[in-house]
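Only one chain is included here, represented as structure tokens and corresponding to the form predicted on its own.
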């Protein structure tokens, strides 16, 4: 696949503050590329520079063969954008919103009506065309916003936190729509802080404090971060068990790289082939009750936490 987005040494400074710090990556045609990081990590600043809405301090951005810094206007008709905040008109109906934005894109009337019908079908909004946008639920509003972003058949769509605040069922339905777009060779660049959504992406970039700390396919990132499966424990008191194991790691009684709380579970990261046996022995000796233990494949949340621990301190110290 050809690269449709190439970013080289992209930097953005606001006075003495560096929001994006010399990051480089590419996005291939027809893939979903996930740009992940916590709030304030530089995701939105990056996407705004890629759209030509914000001038970079340094670096190069090429989208669809166009140098964004010099030819941003030439790019507008070929890309779609869905912003972090819902930006459609609540007092207009679904169809009126689509009509308004379709005309703004310059679509001819006969083409526009055909595209509106196709978009309503794609987004599952048939029968809702005459409903006022303010009456739609959060999930349906997100579908409408995506519909507006793809109304003019863009080759690349940029989605900035598209499912923030949306319930899990609606989030899943939204991602199913993205899969349908990718089948049509549309390229999707999506920012998110939901780690479970990263599993839906073909390739990823993890950003922390403006720096890219991991990059590649989900499987590659996992393999590069962990050399062995993760030990998962289900203790009756997860916090107590985690603290006890952490102390044992610090004293050298247990050989592990890290111990983290993961909901009601505790994850132990270690390359020691006897880690499960040794941890169970330690817990029994200290009378810490555990429902079960098992070796599992690391999740992308595990990977992100490990990447932050590995790179985060140096990144933060440089700020």
Ligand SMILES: Nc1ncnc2c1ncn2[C@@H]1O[C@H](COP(=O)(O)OP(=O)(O)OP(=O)(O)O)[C@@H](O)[C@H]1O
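Positions refer to the first chain, counted from 1. Model, not experiment: these values are computed from the prediction.
Below, we refer to the form predicted together with this ligand, which is not included among the displayed structures.
- Note on contacts: among 278, 45, 26, 57, the single residue with a heavy atom within 4.5 Å of this ligand in the predicted bound form is 45.
- Distance criterion of 4.5 Å from any heavy atom to this ligand in the predicted bound form singles out 39 from the list 294, 271, 286, 39.
- Partner contacts here mean any heavy atom within 4.5 Å of this ligand in the predicted bound form, and among 31-39, 254-262, 286-294, 65-73 they occur only in 31-39.
- At a distance threshold of 4.5 angstroms between non-hydrogen atoms, residue 84 is in contact with this ligand in the predicted bound form.
- Although the partner is absent here, residue 19 is a contact residue: one of its heavy atoms lies within 4.5 angstroms of this ligand in the predicted bound form.
- This ligand is not drawn, but in the predicted bound form it has a heavy atom within 4.5 Å of residue 161.
- Looking at residue 193, you'd find a heavy atom of it within 4.5 angstroms of this ligand in the predicted bound form.
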